[in-house]
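Just the one chain here, the form predicted alone, laid out as structure tokens.
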Amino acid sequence: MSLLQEEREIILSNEYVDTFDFAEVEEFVKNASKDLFISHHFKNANKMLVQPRGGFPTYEKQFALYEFFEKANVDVLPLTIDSNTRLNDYATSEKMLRLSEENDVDMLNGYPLVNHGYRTTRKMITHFNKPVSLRHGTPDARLLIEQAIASGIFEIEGGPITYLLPYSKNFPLDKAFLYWKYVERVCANYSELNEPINRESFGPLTATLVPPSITIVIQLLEMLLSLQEGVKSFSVSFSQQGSMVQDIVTGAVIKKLAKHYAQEIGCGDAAIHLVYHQWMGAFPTNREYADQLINMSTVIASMVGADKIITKTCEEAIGIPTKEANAKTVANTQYTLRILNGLPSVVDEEEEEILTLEVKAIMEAVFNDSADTLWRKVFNSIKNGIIDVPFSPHIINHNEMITIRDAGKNIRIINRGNVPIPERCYDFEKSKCDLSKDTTSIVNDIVHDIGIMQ
């Protein structure tokens, strides 16, 4: 028995898991409908795929949500997992699921997949016969992804950096890398049976003034960590940043460099896709403005040539969106994409050159670390501040990089901290900002920039 298989058997002997039948699950994946694989749709779709968010505690409510989405012409169904499962606290999610079922009140903020089990969940997934994307935010997703794939969920979002630095304060980063190595290997193994399992990185990070260079570097590194374990279908992503110019440049650079670095490690045969998240920051409370913001982001997604767009709703500012609001956004986004039918995008050449230089300089610094494996090089680079995510709550993150918006609403680096931004690029970034102001004014500008869409 392989070491991986031994580890899998230990993970799946968890008291909250029904007996896991490896042979049956393998047989199911081998014979699963191609329509359940987003990798199959990416290959064959002639349009951008539309995916909302959404997760309810009970099977009945999740099923009803999917019925709404189906009527709204959704391309990819979401399965958002509750926060107790994210923390591997299956005992609490079990208790809250029972209370939700007994009292018809949502006691969880998502679907507790581990507690429902794969046999139950599979009935729902195969009934709708559409690709489902697992959205979860879990540093240790080993048990969760086993249950997800066994259920018929063949896209797994997240990674050791993107699901840790934005969400966690002190979960050990080195452990996260090892737990996600398990995820990659399981996905790669199952990919040999049918269409590839798609892995997707979470580009928005903290969704707060993250400069494109940091977003792209983290996307590329999670992609490389995944591809080197044998994954053959991967999605890099980023979210609307507040400047159309910067978004178009980011889209161009991330696509170009993803191909470049995949080829560098001998994985040029992997399919790389681009996903665009509608605005992830604070939403306007005015519903008309919220609708305009959503439409605008759909236009930008078309201009960057995204393969998939992840939608938001006009209810974001006031709480958890209803299934009706979620379905309405899907229908509206599909309508906007139909009207647009693809758009030309004009990339600002100077911005593209500067961003490419920044990303390559950071990537080179990571690769030059003396550690013997890529994950250790990345770990050291975060520990040393070579990679620094603004507003991350995690204790390992330096939080020395300071960013602000310029007059064109582009995110600019005004203090690079330990991040090896080349001098020429750093001068360019600062030249776009008014740095003659006093510290208080700059802090006030940063606070304003965080709530820019409100």
Partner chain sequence: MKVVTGVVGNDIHVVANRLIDLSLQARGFEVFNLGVNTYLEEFFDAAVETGAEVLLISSLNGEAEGWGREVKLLKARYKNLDELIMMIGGNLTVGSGNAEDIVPKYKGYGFDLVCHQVDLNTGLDQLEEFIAQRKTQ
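Positions refer to the first chain, counted from 1. What you see is a predicted model; the values in this text were computed from it and never measured.
Although it is not shown, the form predicted together with the partner chain is what the next lines describe.
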Quiz prompt | Complete contact of 20, 31 and 194 with the partner chain in the predicted complex (any heavy atom, 4.5 Å) | solution = no
Practice problem: Could you tell me which stretch in 214 to 222, 164 to 172, 181 to 189, 121 to 129 has residues with non-hydrogen atoms within 4.5 Å of the partner chain in the predicted complex? | Solution: 164 to 172
Quiz item: Which pick from 392, 51, 39, 62 sits with a heavy atom within 4.5 Å of the partner chain in the predicted complex?
Solution: 392
Practice problem: Using heavy atoms only and a 4.5 Å cut-off, determine which of 433, 12, 25, 446 is in contact with the partner chain in the predicted complex. | Solution: 446
Quiz item: Just to confirm, residue 100 within 4.5 Å of the partner chain in the predicted complex by heavy atoms?
Solution: no
Quiz item: Can any non-hydrogen atom of residue 399 be found within 4.5 angstroms of the partner chain in the predicted complex?
Solution: yes
Quiz prompt | Partner proximity in the predicted complex: residue 83 to the partner chain, non-hydrogen atom cutoff 4.5 Å | solution = no
Quiz item: Does residue 208 reach the partner chain in the predicted complex, with heavy atoms at most 4.5 Å apart?
Solution: yes
